[in-house]
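Okay, so here's just one chain, in structure tokens, the form predicted alone.
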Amino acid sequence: MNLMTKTLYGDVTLIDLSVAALLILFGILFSKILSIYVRRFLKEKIAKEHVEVIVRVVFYAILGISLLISLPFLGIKLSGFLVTGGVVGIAIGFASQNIVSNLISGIFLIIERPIKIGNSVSIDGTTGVVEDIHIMSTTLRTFEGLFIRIPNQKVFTSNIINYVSNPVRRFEYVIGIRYSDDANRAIELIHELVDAQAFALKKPEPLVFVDQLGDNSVNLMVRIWAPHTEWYALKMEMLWKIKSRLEEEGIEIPFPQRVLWQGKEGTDKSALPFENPILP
């Protein structure tokens, strides 16, 4: 017992040294056990390389906490460290706040997974395909072939539009026909074209209806749902097919028109057939 209470240096006894060693050993064991559970929990959720980054962060964080707790038992006062560390921490904090913010945002992005590699997305006005998601930044390839690196802090705090997260996507047209044309016949023809398309979904149901009576045309609204993998191709194909089919039936898409009336001097304007006539 005297041996255990014997002072080794300063106020540190063999008991203190044993407690410090046990705390460090416990920290190592707890870090390894927790790392195993974190790896199992995230294995099916995120990519392997991202799992390893998170596991290392957890391991060294727990190990660091256990070392800090054991320092007083080794005769090292934390007060001096706190003062010195506080000044240094403030300086480092200002210098590395963006780095830390990107790191934390990257971890949340990896866990939450609002976007995945290969997704077509729009992030803060930048549209493209997700090429990679790193712990500090995300890389997009735009549809023009440019690669853009976006810091994860900006990705995490911006509105993200994911164009392929939903398996289906809708597109729509506004098609104008003349007032003299049969709108019911035009709607029927468009429905026939949509029904003939294999990738035009039946549910949600496609819609074709008169949406607006415009200045120069009766405007038909066409809304079609398709798998997101075929969305763009079907949108391009259907527009031309609708135009061609309507023209075959004599239904035309009118140009904007204005009627000009030229009268003689002294003409009674109140007798004109429409408002705001253009007179010489």
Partner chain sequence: MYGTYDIPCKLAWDALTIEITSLSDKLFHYRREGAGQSIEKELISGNCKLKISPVEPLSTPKFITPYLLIEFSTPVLIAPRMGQELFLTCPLDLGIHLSTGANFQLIDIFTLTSSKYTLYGDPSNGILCKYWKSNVFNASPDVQIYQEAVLNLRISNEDTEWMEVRQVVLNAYGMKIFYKDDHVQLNAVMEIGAGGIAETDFENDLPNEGLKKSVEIFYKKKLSLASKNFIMEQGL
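Numbering follows the first chain given and starts at 1. Note that the coordinates shown come from a computational prediction; the quantities given were computed from them, not determined experimentally.
There is another form of this protein, the form predicted together with its partner chain, and it is not shown here; the text below is about that form.
Only one of 236-244, 30-38, 66-74, 219-227 gets a heavy atom within 4.5 Å of its partner chain in the predicted bound form; which is it? Answer to the contact question: 219-227.
In the predicted bound form, does each of Arg113, Phe156 and Ile160 have a heavy atom within 4.5 Å of its partner chain? No: no residue has a heavy atom within 4.5 Å of the partner.
Look up in the predicted bound form whether Leu146 has a non-hydrogen atom within 4.5 angstroms of its partner chain, and give yes or no. Judged by the heavy-atom cut-off of 4.5 Å, Leu146 is well away from its partner chain in the predicted bound form.
Can you tell me whether Val168 touches its partner chain? I mean in the predicted bound form, with a 4.5 angstroms heavy atom cut-off. The answer is yes: Val168 has a heavy atom within 4.5 Å of its partner chain.
Its partner chain contact in the predicted bound form: Leu103, any heavy atom under 4.5 Å: Judged by the heavy-atom cut-off of 4.5 Å, Leu103 is well away from its partner chain in the predicted bound form.
Hey, in the predicted bound form, does Ala200 get a heavy atom within 4.5 angstroms of its partner chain? Yes - in the predicted bound form, heavy atoms of Ala200 and its partner chain come within 4.5 Å of each other.
Taking 4.5 Å between heavy atoms as the contact cutoff, choose which of Ile123, Val194, Leu140, Ile135 touches its partner chain in the predicted bound form. Looking at Ile123, Val194, Leu140, Ile135 one by one, just Val194 meets the 4.5 Å heavy-atom criterion.
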